[in-house]
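In the block that follows, a single chain appears as C-alpha cells, in the form predicted on its own.
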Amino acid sequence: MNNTHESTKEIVLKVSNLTKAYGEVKPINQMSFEVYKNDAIAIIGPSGTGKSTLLRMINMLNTPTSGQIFLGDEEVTKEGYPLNKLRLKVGMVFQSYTLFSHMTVIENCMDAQIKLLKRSRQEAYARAYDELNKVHMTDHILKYPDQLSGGQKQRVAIARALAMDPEILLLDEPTSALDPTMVSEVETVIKSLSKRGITMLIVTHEMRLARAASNRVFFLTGGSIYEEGSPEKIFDNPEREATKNFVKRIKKKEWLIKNKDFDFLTSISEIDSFCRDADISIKTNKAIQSIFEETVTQIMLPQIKGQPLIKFTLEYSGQSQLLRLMIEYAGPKLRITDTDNEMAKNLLLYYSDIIEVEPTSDDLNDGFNNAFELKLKKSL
C-alpha cells in the first residue's frame, strides 16, 4: 500500500447504482463503490470512460440521471439537499486552477473560508498560510495568479481546497494542463497529501502518480469500474483482459518518423511522460531522451537519403525492471557508433557503461529492413 495511512473502514462516501445518460450514451452506467476514510483512490482508464464525469457528479456539478450518492449517512442526491453544505464537505481541484485573477494567493485561499465558514480574517489567514506552507508557496502569498507558473497555480488551488477542511478531496486531472517540467512538483504535493491521510479521489492519466499516491485504483471502461485493486495488483498483476491491454499500452510506446521535419520537442515530451508513468528513474529518463536525440536526429537522419522511415520503441516491464529500446529503419545498414558527429559519439561513449548497442533483425515488418536494440545494462 502506497498510502501510509491504513483505511479505517469508516465510510466517507458511498455511490450506489449511479448513472449519467446523454441520450443513448451512458458515460457512467450503474456504478457502485465505497470510499473509506484515508483512502486515496486513483481513477484511470481510456479517454471518454466517464472519469471526470464521475467526479463532477459526486460534487453535483453534473446531476446524475439516476442512482444515489451518500456523504456519510446523508444522501446528497436527495431532492432539496443544500449544495453549499455538500461543497463545504467535498473539495475539488480542477485542471484549470480556477483561481480569482484579481486576488492574491493568500486572498484566494481566504475568501471562501470567510464567506462560507464564517471565519475571521485572522483565522482564515492562519489556516491559508498553513496549507500554503505545506505546498511550499509561502514565498508567493502576495503575488497574483498571472505571476505564477502553472505548477504554482495548481499548488495554490490544492491549498485553497484543503483550507476549507473538506471530508474528501476530488482532483480532476490535476497535472494535465501543466508543462512536463511542472508535473513533478504537483505530483510531489499530491503524494504528500496521501501520506497525510487526506481522503482523495484522483482522476489522472499519469500512471506514475496513480501508482505512487494511491492505496486503491479503479480502472474504468464501458461506464463502470471494470477492475479495482491495489496499485501493485492493477499495474503488475491485472486479472481482466481490458486492464491487461491498458497496462501493456502504457508500458510500450512507439514513435514513427517519416520526414526530417518531425516534431522533435513533442517526442521528447512524450518520452519523458512515458518514463514517469513507468516509474523509470529520472537519470535513466534523461539518458533515453539524450540517446533518442543523438542517435535519431544527429546520426541517423543526416545519413538517410530522401524521406526517412524510422520507428523508435520503448518497452518497459515493471516486474522484471527491464527496459528495451529498439530502433527500426528502412535503408542500408548503419553503424551508429561510426559517426563524424563528435558530440553524439561522446554521448554514446558516456552511456556505454549502461547501454550496449546490438544489431538485430527480429520481427521486422512494415517496410523496416534493419534495426538495432539498445539494451540497458543497469538502472541509473
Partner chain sequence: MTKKKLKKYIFIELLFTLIFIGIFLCLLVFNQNNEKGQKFKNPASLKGGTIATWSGSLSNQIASKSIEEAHFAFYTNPVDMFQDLRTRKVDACILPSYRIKALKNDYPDLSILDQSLGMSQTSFIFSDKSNELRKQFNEFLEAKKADGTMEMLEEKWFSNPSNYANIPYDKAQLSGENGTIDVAIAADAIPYEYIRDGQIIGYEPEFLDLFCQEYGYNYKMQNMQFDAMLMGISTSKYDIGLSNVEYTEERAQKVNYGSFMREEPIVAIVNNGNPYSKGLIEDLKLSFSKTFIVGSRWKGLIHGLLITLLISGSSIIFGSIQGYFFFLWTKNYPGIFKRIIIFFSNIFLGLPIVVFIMITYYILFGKSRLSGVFISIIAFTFMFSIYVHDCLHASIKTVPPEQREAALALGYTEGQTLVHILIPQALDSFLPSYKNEIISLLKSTSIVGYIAVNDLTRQGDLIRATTYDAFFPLITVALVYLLLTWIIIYFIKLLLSYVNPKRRKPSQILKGIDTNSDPL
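Positions refer to the first chain, counted from 1. Computed from a predicted structure; not experimentally measured.
Another form exists, predicted in complex with its partner chain; not displayed. Remarks below refer to it.
The contact residue chosen from 260, 283, 249, 102 relative to its partner chain in the model of the complex is 102, the criterion being a non-hydrogen atom within 4.5 angstroms. For the candidate set 266, 307, 122, 245, a heavy atom within 4.5 Å of its partner chain in the model of the complex is found for exactly one residue, namely 122. In the model of the complex, every residue of the candidate spot (61, 111 and 164) has a heavy atom lying within 4.5 Å of its partner chain.
Only one segment in the set 216-224, 199-207, 113-121, 70-78 has residues whose heavy atoms sit within 4.5 Å of its partner chain in the model of the complex; it is 113-121.
At the 4.5 Å threshold, heavy atoms of residue 142 reach its partner chain in the model of the complex. Although the partner is absent here, residue 253 sits far enough away that none of its heavy atoms falls within 4.5 Å of its partner chain in the model of the complex. Contact check for residue 239: every heavy atom lies farther than 4.5 Å from its partner chain in the model of the complex. Residue contact check for residue 186: none of its heavy atoms lie within 4.5 Å of its partner chain in the model of the complex.
Within 4.5 angstroms of its partner chain in the model of the complex, the stretch 128-146 places a non-hydrogen atom from each of 129, 130, 142, 144, 146, taken in sequence order.
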